[in-house]
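Just one chain follows, in the form predicted on its own, and it is written as structure tokens.
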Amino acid sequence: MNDASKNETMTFKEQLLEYDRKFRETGCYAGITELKYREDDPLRYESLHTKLRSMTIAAREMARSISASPGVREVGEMVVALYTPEGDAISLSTGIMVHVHTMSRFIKWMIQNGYEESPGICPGDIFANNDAFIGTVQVPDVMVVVPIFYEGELVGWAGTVAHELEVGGITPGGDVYLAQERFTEGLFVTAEKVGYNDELRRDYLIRLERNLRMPIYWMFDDKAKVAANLELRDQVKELIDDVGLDYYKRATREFIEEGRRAQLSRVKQLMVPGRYRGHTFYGHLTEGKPGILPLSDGNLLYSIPLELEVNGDGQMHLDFEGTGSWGYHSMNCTPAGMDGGLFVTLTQSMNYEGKVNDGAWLATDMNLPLGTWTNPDRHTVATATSWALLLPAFGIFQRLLSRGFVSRGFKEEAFVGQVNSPMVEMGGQSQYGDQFGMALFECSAAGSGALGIKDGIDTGYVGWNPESDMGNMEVWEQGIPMLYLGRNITADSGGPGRHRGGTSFTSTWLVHNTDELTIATSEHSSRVFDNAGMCGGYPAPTAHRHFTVRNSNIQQIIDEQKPLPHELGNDPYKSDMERLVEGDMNVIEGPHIDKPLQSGDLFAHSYNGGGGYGDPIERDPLEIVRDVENGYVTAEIAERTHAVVLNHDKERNAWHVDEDATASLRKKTRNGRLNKAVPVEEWIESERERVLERDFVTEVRKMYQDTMGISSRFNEEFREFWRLPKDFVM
């Protein structure tokens, strides 16, 4: 009996178990030990893959034109993918590459849980899910899949994911900041059959209409996803008509096995085998903020260690042992979400040649300790803003990979990594008088970390979407009751270095035509460096601040045609809002959650960019001149951090390097470093005394109590490194 006839007699679940068995026994996907089709006729083989990828890309672009959401239309928060009958990713479009394996988990979960029998998997069915404990990253990432049947046989799945801008949670928007348990995260669709005969069920649409602040976005996005899936499904069936079913089934599985082998090969080519270790921290200022429930009323500090083991055969193992427990906040993650972090990193560092599929997942594995934020041990834990911890966690992964690249001599591949990109969300009364809720996705264009050979990307990068785009201000103004007064580069927001980190941006708004606008921001890391530099480069600043002016005299300023505050300005001690506007000024560090704003109030933010690469005092002074003239760096930081002395020609408004003064300052800076340096052994000894005395602020002490309590291995290593007594407790 051949494979095809075997499959006809198996249930979907038996088929899934059979492919798992073959992988365990052979180490190759679906037991494919030879890439027969690729070897026999490479042109036909590659042509099929190119056509499949083109279909996913075309389906995504078509869907974007159907969607009503600026998150999809403007920013591109969508991806379309093709899967095998067992739910393994074959090919993906461009877009949010997070979901290579998250959607795979969703499909496999339905098969494993008997959906073939009930509710049934039939031609024309439509299934949806946004439950991260089944297979997505967070509640706004709503996925829709349809089965692909060919002559009565299930031959695959077409799937689409889009990030919804409003999910009906305790705070308006998609990333529900104040959610502390699942019950406050908003509307869940838990692996449901939401349509049949190629149409969404009316009762499902009614549920959306009555449970969301602004249902038009989710509803039209779902229709766009269904359209994309049906387009992909029908094109795949036409393609099978051309190439034959047996060829299609074997070749698509060879693509995945080839992806697995290519991942192993790339690791062997780019990295030195061994054990790489990194560590970062994540701080969150919660204490005393409005709306925080008693269980979570305290500042948070997370320790995120990562050990990456690279084997000689190219297999990678990521180990998050020693990280902290899940908590009553929205920043927890699930294994599916961690898969998302893994793939956005791999697709931007190794898997960028187009054949992105589940093969890379098979060549990589992770240890996500149960009970930690990476793998909560109960499904009622909130995960609405999981990117808050995902981004710094996989920022380390990027830097560990880069260490391997540099070790192999591939300096040009080094990338300092992704950073936290806070989300501004809002709701209340719209400028049209209706209730509304909206995630403002312009945060999809922050600054990246530096590269080994050049500066980071300025105001045009975000970890989760390689096609980062902040969208047009005019489009966002149609959806929110705020008018842009300006959108500007945030000076000094990138980490200094020989190659500096990319800068972030600041938006300044005037609240317009509303009596009630609640703004809740999320995914902030404050007061600790969540994104390090590399090879002597500095991390980006840690300050995330929000500025509001209530009861302002802005209308008077407009009537008198006086200067408006279009930005915060480059004076760190007094912003343009304070300098030009009268009113009740307030500055909030970390997440913004406060009483509603209203017409005439002002709102602005200031966030950080990415970390730097190389010593800042080795940066070319002429590049510093360009940085200052273009607003990326202030003259103050140029001198204090890069040791470059500049003179300003007021008449020509130009900056010039004082070469002698710069040479002298750089020499003085180097000597100062030497004079302050102490032997590592002395430094460790002095720090050991602090550890013995438990001389830490409350948040640090609590962090170590948590990690040492949940991980015996971390506890043992910590006591061994600091030579602590066996009975030492934090």
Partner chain sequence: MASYNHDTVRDLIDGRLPWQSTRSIMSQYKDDDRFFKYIDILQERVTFNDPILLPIGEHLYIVAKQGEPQGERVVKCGCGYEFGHYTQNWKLKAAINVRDEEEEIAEIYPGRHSYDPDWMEIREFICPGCATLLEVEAAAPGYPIVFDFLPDLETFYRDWLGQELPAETR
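Residue numbers count along the first chain shown, from 1. Because the structure is a prediction, the values reported are computed rather than measured.
The protein also exists as the form predicted in complex with the partner chain; that form is not presented, and the subsequent description refers to it.
- The stretch among 172 to 180, 101 to 109, 238 to 246, 278 to 286 whose residues place heavy atoms within 4.5 Å of the partner chain in the predicted complex is 278 to 286.
- The three marked residues, 528, 569 and 690, each reach the partner chain in the predicted complex, with a heavy atom inside 4.5 Å.
- For residue 699, a non-hydrogen atom is located within 4.5 Å of the partner chain in the predicted complex, even though that partner is not displayed.
- For residue 303, a non-hydrogen atom is located within 4.5 Å of the partner chain in the predicted complex, even though that partner is not displayed.
- At least one heavy atom of residue 299 is located within 4.5 Å of the partner chain in the predicted complex.
- Interface residue remark: residue 343 is not counted as part of the site for the partner chain in the predicted complex, having no heavy atom within 4.5 Å.
- The listed set 90, 637, 480, 142 contains one residue whose heavy atoms approach the partner chain in the predicted complex to within 4.5 Å, identified as 637.
- When the partner chain is considered in the predicted complex, only one residue from 202, 454, 656, 317 comes within 4.5 Å through any heavy atom, namely 454.
- Shown here without the partner chain, the chain has 403, 406, 407, 408, 409, 410, 411, 412, 413 in 402 to 422 lying with a heavy atom within 4.5 Å of that partner in the predicted complex.
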